[in-house]
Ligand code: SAH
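The chain below stands alone and is given in structure tokens; this is the form predicted alone.
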């Protein structure tokens, strides 16, 4: 990714250097414009949701922090005395993480030139999003087999978006003939920096479990959040 198309990295860099940032705008063909509060990307342990705190506590051994952003989780893990490597596709984000003392690499999770064996692969802040679509699940689990150490596991959080389709009577108006309802397209903009459109996957636990089983993994529901969100542990079966 070129820095000119790195809106999230530009926002993270601004906040890191100035203690403030402009609006990080998010567009989707499925929903109205939204924004990501950039300060949230720098949250400390006490500001993190319960599911994230639980995941950080369960992370052990050699840890890979995927889609690490500003490195907030890696910084906390290092403070716990844990060994962590962070990866992100954003060059500016990686530069900020390095300045924060994080062992950070600019790479795509699916880039097979990035190698290593990890006891814990951490995918937080709707970590399933990086998978993109359900059609990419076999490729994702194949990649995990390359990166996981023996007896290693993935800690991933996500949300079931079915609540967006709930009618007043409690039923759900979901088009079962269409694409999976948790597949979204996003594009970010920060100031005049516009990113490319990308796929992002929110996945319910039952569907995640199905794809895990199809690809030689088992899924364990570690904990549920307050609003259709959850933390899952994925390991080779």
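Numbering follows the first chain given and starts at 1. Treat the numbers as computed from the prediction; the structure is a model and nothing was measured.
As for the form predicted together with the named molecule, it is not shown, yet the points below apply to it.
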Name the stretch, out of 40-48, 203-211, 27-35, 54-62, where some heavy atom lies within 4.5 Å of the named molecule in the predicted bound form. 40-48
Even though the named molecule is not shown here, does residue 84 get within 4.5 Å of it in the predicted bound form, heavy atoms only? no
Is there a heavy atom of residue 124 lying 4.5 Å or less from a heavy atom of the named molecule in the predicted bound form? yes
Should residue 231 be counted as a contact of the named molecule in the predicted bound form, where contact means heavy atoms within 4.5 Å? no
Any non-hydrogen atom of residue 135 within 4.5 angstroms of the named molecule in the predicted bound form: no
Can you confirm whether 112, 128 and 143, the three residues that make up this candidate site, all sit within 4.5 Å of the named molecule in the predicted bound form, judged by heavy atoms? no
